[in-house]
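Below, in structure tokens: the form predicted alone, a single chain.
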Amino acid sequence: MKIAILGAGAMGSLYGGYLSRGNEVWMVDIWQAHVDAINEKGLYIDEADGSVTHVTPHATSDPNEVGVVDLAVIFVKSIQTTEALEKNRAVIGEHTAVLTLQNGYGNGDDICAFVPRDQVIVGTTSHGCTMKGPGHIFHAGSGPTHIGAMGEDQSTAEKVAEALRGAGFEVDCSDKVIELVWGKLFVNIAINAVTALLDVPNGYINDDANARRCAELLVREAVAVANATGMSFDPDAVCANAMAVAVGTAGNTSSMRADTLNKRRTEIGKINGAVVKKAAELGMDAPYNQLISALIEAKEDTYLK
């Protein structure tokens, strides 16, 4: 299979690196030092057990060098999905499948503007990675990958699942994947914006009564919106799971907190903002998520204006 990874950050490098062991993989990224390092020396993946995986995918900053692929995997920030696809149209052909394992809700809908719905595959990943430098990542944690096509035909999703399994990933392919996307979104809703505003690690959400109350208000509101779309989540169970993740990643810095610390645009629009948007489509209000979205955007204004 010929595969393009659009966005070769830590997670893109992990998936592209593993997939390159049995496929023709092109890492497409604007970070030229990373591109050059991969082409010159290959990609080094430091594993959690102390071993090192060395792989040699292709890398480029020019999508025209790649040509049409069988599978494009989107790993840019969710707010950059449409822009990334616009800039990389050269890799997308009539039969190209497009997979998103990004954070947030609504990425699949963005991709539907570029390929038919049955070729749009959405999913979640439990893997964790960080960049160590150009051509070098640390694979901190492993877990299952869940994927499914947005349309009724799951045949393309099954082919992608087989490619991922062949590369060493644990993969579940299901037509219920949207439930899993919501499930991951709830965790991000509980942790990301609150930790970014308070400038605290993940564990603070569970340890401080006021922070925990804020997180639970946001999550319960999001669950109400999700259930209005036809889901059937138990809000108590969802809140308990979010707190368990906060405890399990207690010392970690959330991606949104990292963005604000580094004075970058956040993914608030695809996380809490996605709840606000979906609520509006359903004729509902989501005041807690609307407020925290505005607060994060106001924080962004302090360093982006």
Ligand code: NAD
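Because the structure is a prediction, the values reported are computed rather than measured. We number the residues from 1 along the sequence you see.
In what follows, reference is made to the form predicted together with the ligand, a form of this protein that is not presented.
- This chain lacks the partner; the member of 171, 180, 187, 84 within 4.5 angstroms of the ligand in the predicted complex by a non-hydrogen atom is 84.
- Between the options 88, 96, 156, 206, the residue in contact with the ligand in the predicted complex by a heavy atom within 4.5 angstroms is 88.
- By the criterion of a heavy atom within 4.5 Å, residue 116 is excluded from the residues contacting the ligand in the predicted complex.
- Though the partner is left out of this view, residue 227 does not reach within 4.5 Å of the ligand in the predicted complex, counting heavy atoms only.
- Though the partner is left out of this view, residue 127 does reach within 4.5 Å of the ligand in the predicted complex, counting heavy atoms only.
- The closest non-hydrogen atom of residue 121 lies beyond 4.5 Å of the ligand in the predicted complex.
- Considering the ligand in the predicted complex, the lone stretch of 127 to 135, 159 to 167, 206 to 214, 145 to 153 in range is 127 to 135 [heavy atom distance within 4.5 Å].
- Contacts with the ligand in the predicted complex, taken as any heavy atom within 4.5 Å, map within 10 to 29 to 10, 11, 12, 28, 29.
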